[in-house]
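Only one chain comes next, encoded as structure tokens, the form predicted alone.
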Amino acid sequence: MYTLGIDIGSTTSKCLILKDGVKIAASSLVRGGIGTAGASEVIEKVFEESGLVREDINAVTATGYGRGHYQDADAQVSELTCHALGARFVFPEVRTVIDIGGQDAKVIAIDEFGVMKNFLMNDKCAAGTGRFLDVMANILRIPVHELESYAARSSTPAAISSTCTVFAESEVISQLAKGVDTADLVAGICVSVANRVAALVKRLGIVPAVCMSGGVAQNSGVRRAMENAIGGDILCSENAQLFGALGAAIHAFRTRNFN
């Protein structure tokens, strides 16, 4: 039995096919979210990778900001629920999920049965999100995927005091003009993101084990800064960006079996 989960985010579309509810058969990721061809492209890509066709799929669940734009789903489910499901599939011991996406940051509390019991979200400001990192990488003229390598070379992270993306942009430009080392600026940017999100984590309450999901989870500079900010270890998987799609595929499997 094959089920498919598609996570249509604000900047990236992710898709995953699950076999019998326990094995990842294929996954794909395409840059491009709401209002783009990302959804259709990521579906086409996952079928190419798996060798399957739509008729092989028993159930489809869509999640993410753009889930309402995908008409071929049997169900549409909140990304909060799906990230909780996906995180617990990979880390059965997880109780707190930190999801930093392109346009928002979410902290999800999970009980011992894997059920989401509470959450907090920052969706009013780009600070503390992937968008903030994109903006800063553009200012520094560094590919966003290289930020973590710059941060690793820093000995003294620069202080980024502004909590607003617009003001932080001016602050970074000013520090560049003063000759502040780029690696220290990048490390400071990572710390700024981590501190912003850590404030959400602390408000919700830190219950270990803690894991990160979303694309920003792949940035080790942010992860290390987040561990320092919350005072504890954070679990991370190479599939962290797929947790939403994975949770959607799990939901599709459970719903199909229940019905």
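Residue numbers here begin at 1 and follow the sequence given. This is a predicted model, so every value here is computed, not measured.
Below: the form predicted together with adenosine-5'-diphosphate (ADP), not depicted.
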**OP:** Please check if D134 has a heavy atom lying within 4.5 Å of any heavy atom of adenosine-5'-diphosphate (ADP) in the predicted bound form.
**Re:** yes
Original post:
in the predicted bound form, does G101 have a heavy atom within 4.5 Å of adenosine-5'-diphosphate (ADP)?
Top reply: yes
**OP:** Would you check, heavy atoms only and a 4.5 Å threshold, whether L120 touches adenosine-5'-diphosphate (ADP) in the predicted bound form?
**Re:** no
Original post:
Is the gap between H145 and adenosine-5'-diphosphate (ADP) in the predicted bound form 4.5 Å or less for some heavy atom pair?
Top reply: yes
Original post:
All three of N58, T61 and G247 touching adenosine-5'-diphosphate (ADP) in the predicted bound form at 4.5 Å, heavy atom to heavy atom?
Top reply: no
Original post:
Tell me which of 229-237, 46-54, 214-222, 189-197 has residues with heavy atoms within 4.5 angstroms of adenosine-5'-diphosphate (ADP) in the predicted bound form?
Top reply: 214-222
Subject >> adenosine-5'-diphosphate (ADP) in the predicted bound form - contacting residues of 9-28, heavy atom within 4.5 Å >> reply: G9, S10, T11, T12, K14
